[in-house]
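Starting off, we have a lone chain in the form predicted alone, written out as structure tokens.
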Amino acid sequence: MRNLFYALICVLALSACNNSASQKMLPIYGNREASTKTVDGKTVTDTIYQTIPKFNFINQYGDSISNKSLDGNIYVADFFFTTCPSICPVMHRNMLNVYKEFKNVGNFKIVSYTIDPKHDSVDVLKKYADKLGVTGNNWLFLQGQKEETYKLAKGYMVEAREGNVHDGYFILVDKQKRIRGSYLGTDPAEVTKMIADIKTLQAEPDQNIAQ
């Protein structure tokens, strides 16, 4: 009877471990469609998920940064402008916690797109980064054409439009450029959750593979 009891405990423990492992996969957001193909004479159906569109912008150092520049990286994206008097300063104070947590991680980046490229020149973005205490290439401040930036925002499932109007969300993107989370950047609790989710995402098998 005792052996049966211990056997049952072991089964329950293994089940709990498996459930715990399955719960550590973050959801994938956005549109998706089925793609059917034939492999070795068998019909195989894959799910094609929404991914971040192509772009080619300039960072705070004057370097060209494209979607390809982010290959092999998990990253967090947001939209802002340097003269924002309301939510942007709060968002980026909170984002500093993310930067400090992961600044020594080689395959993680933060990408902030300005929605006011006329004012936010390379020099202005560099001064803004310096004021935050940001160095190196782990946090990129990017400037592109206004309309391209607005279009790109839709790819991240957020809004940016004329009048320097933008959402205050941080968007978590995986190595396959799929959206894995959305967090209110002005809420410290949401940002703390995002930090935990980044670590969860890093542990996913297909994010551990070097790319």
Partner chain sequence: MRWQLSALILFVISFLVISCANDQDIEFKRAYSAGEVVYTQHCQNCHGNNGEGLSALMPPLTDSVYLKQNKTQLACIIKFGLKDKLVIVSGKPYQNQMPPADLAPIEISQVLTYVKNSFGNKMGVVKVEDVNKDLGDCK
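Residue numbers count along the first chain shown, from 1. Predicted model, so just to flag it, every value in this text is computed and none were measured.
Separately, the form predicted together with its partner chain exists; it is not shown, and the next lines address it.
In the model of the complex, its partner chain lies within 4.5 Å of some heavy atom of Lys131. Proximity of Ser86 to its partner chain in the model of the complex: non-hydrogen atoms within 4.5 Å are present. Although the partner is absent here, Arg93 sits close enough that one of its heavy atoms falls within 4.5 Å of its partner chain in the model of the complex.
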